[in-house]
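First, one chain by itself in structure tokens, the form predicted on its own.
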């Protein structure tokens, strides 16, 4: 099937001590490794309780914003296939050797038309979960903070969402579940697009904006009650909350947005419908964008559209 999922989000943080308190104590991610990058920056690797691979989030001290994304493919041969498609698309692709990222195997690396670095790999050391795979309990007994189970998706910005959508479709085999357009006319401009390769409602969303920027990366929760519980934890821990619990019109997901101590926007996300490649793409027009993003309030706040890292 090619791309299975977003395997990791690697982001920069300004203060590792504050960041560790946020991602480990408040969100409840499990630390799996601490090391120093080849450039001499401190790094910490994390996984969610329901993720069996070594890591899904990497924090690197020294700034803010996204460093790169890792995308895990189902078969080793998928790497070669995606490499050819990326080169045909006009991208410069380099080979990535096992060990360049701790516990990650061989792969490829390229910079997208949006100026984001993507790495594609097949293997990452599996360290399993506390509940295991033999008669597993539904969750570990002693979760910390929110206890997020897994990385879910991300939203990035770029100057040409239409070109980035084309790249994700032709190189990754993604399809669009939702779009925001300037109109329903054939000559419309694409304002934003939500894409996936499987039944997940979106793995990556792209909206118009500056090149190479991060809007947010999100963690998966089960339902409304967990989204509300997460918001309670954020208040207890004095987390900067961007948007209190609400629903998206786009994707139908239930959500809360908040910031890590460095200013990177996070989200906890639940729900949304099952995606299928033969399901017609939902189309929103910009005059209904407020309802599409925040279904209840039906309007955007300035911070949500302008704060990027």
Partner chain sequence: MTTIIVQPSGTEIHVEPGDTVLSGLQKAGYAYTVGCRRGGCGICKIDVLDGEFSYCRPVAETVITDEERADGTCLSCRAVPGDDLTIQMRDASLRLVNPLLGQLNEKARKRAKAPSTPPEEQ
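Keep in mind that what you see is a predicted model, and the values were worked out from it rather than measured. Residue numbers count along the first chain shown, from 1.
From this point on, the text means the form predicted in complex with the partner chain, which you will not see here.
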Inset, instruction - Would you mind picking the one in 151, 239, 195, 146 that has a heavy atom within 4.5 Å of the partner chain in the predicted complex? - result: 239
Inset, instruction - Counting non-hydrogen atoms within 4.5 angstroms of the partner chain in the predicted complex, say which of 274, 33, 283, 64 makes the cut. - result: 64
Inset, instruction - Answer yes if any heavy atom of residue 308 is within 4.5 Å of a heavy atom of the partner chain in the predicted complex; otherwise answer no. - result: yes
Inset, instruction - Determine whether any heavy atom of residue 262 comes within 4.5 Å of a heavy atom of the partner chain in the predicted complex, and answer yes or no. - result: yes
Legend entry - Residue contact check: residue 21 to the partner chain in the predicted complex, 4.5 Å heavy atom: no
Legend entry - 4.5 angstroms heavy atom contact with the partner chain in the predicted complex for residue 299: no
Inset, instruction - Tell me the stretch among 102-110, 124-132, 231-239, 186-194 that has any heavy atom within 4.5 angstroms of the partner chain in the predicted complex. - result: 231-239
Legend entry - Neighbours of the partner chain in the predicted complex among 1-38 [non-hydrogen atom within 4.5 angstroms]: 14, 15, 18
